[in-house]
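First comes one chain, alone, set out as structure tokens in the form predicted alone.
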């Protein structure tokens, strides 16, 4: 099922949750709505699903406006952030619920319900838990029950609100990889909400980055990460160093940081702010741009802070552990810095001071 959101706005009192939002979703796409709390992503999801209504704009499914239809009429399966399972029912009965409450004319027989529910439980790999109470399940198992229940009504669109937000990191990783395989197998149009950029990048065909009730950028994970169109998107998608710079004839000069000679800036000439990811900075012993102050090992990589000697604050560098050990970098060591790639924004687009500012994704 294709989805068309046209100029949708939603206001709660004095708060504009959505401001003239438009979005097209192709049949069979897996779309991530990514953004911080309050960006409007859950409101947009609920409006598409028919669980909320816009103050202005239209929603079309397969080319037909559904603005006057509720969730049950839209053929949408919805998985809530905290599962919303019925604690007094077994796993089987939770999944069967949507089928049992259908009008008699469209309600499957008991045998058909049993067959469909067991097929779904097998699909989500928990058929062995059919008779178990949901109160006895782990978080990951409950999430699979919630997904099976949403799929039981055979929706044309599946919507998930922060589907893995309540799970620990290991279970989250396992479930999102499993979810990607399930989507590829079923080919269902799917939209999910997340504030986790890694989750969005790993799962989605396209990512919709939202901020303050509007869409900031839409693109594939590679487009969004490699070519962010503004500082908000750049900062939300991971750690970044912000440093003042000057651009002339396509060449950027960053005080305290050398620039890869072949790198060119095409945005503009004049003063700017360079956005450099920690893994795009290289530190070299034997030079005197800054001093290593703090080390933070992180598995196969290591992060460390370099205090710039020109007074422009500090920057974060991320390096492969093997490379780091070969260079024998240690706290107190003087190092040189080179930026291999970065993006320059006009200072008027950037909030706050740029000197030595390290920003990270706002995971609220």
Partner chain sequence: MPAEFDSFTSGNVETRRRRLLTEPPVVRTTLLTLGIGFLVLFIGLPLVTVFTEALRKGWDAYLSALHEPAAFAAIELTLTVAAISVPLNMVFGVIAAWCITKFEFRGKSFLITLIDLPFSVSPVISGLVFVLMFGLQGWFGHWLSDNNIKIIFATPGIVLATIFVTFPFVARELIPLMQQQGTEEEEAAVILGANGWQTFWRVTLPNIKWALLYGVLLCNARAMGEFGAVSVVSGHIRGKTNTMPLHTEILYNEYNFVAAFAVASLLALLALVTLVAKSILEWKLKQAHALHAKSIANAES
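Here the structure is a predicted model, which is why all the values come from computation and not from measurement. Positions refer to the first chain, counted from 1.
One more form of this protein exists, namely the form predicted together with the partner chain; it is left out here, but the text below deals with it.
- Of the candidate stretches 263 to 271, 99 to 107, 214 to 222, 241 to 249, only 99 to 107 has residues whose heavy atoms lie within 4.5 Å of the partner chain in the model of the complex.
- The candidate spot formed by 279, 320 and 345 is out of contact with the partner chain in the model of the complex: none of the three has a heavy atom within 4.5 Å.
- With the partner removed from view, the residue among 275, 192, 78, 232 that has a non-hydrogen atom within 4.5 Å of the partner chain in the model of the complex turns out to be 78.
- Contact with the partner chain in the model of the complex, defined as a heavy atom within 4.5 Å, holds for exactly one of 88, 287, 227, 132, namely 88.
- Using a 4.5 angstroms threshold between heavy atoms, residue 46 counts as touching the partner chain in the model of the complex.
- Among heavy atoms of residue 137, some come within 4.5 Å of the partner chain in the model of the complex.
- The shortest heavy atom separation between residue 206 and the partner chain in the model of the complex exceeds 4.5 Å.
- Within 4.5 Å of any heavy atom of the partner chain in the model of the complex lies no heavy atom of residue 186.
- Shown without its partner, the chain has 71, 72, 76 in segment 57 to 76 as residues with a non-hydrogen atom within 4.5 angstroms of the partner chain in the model of the complex.
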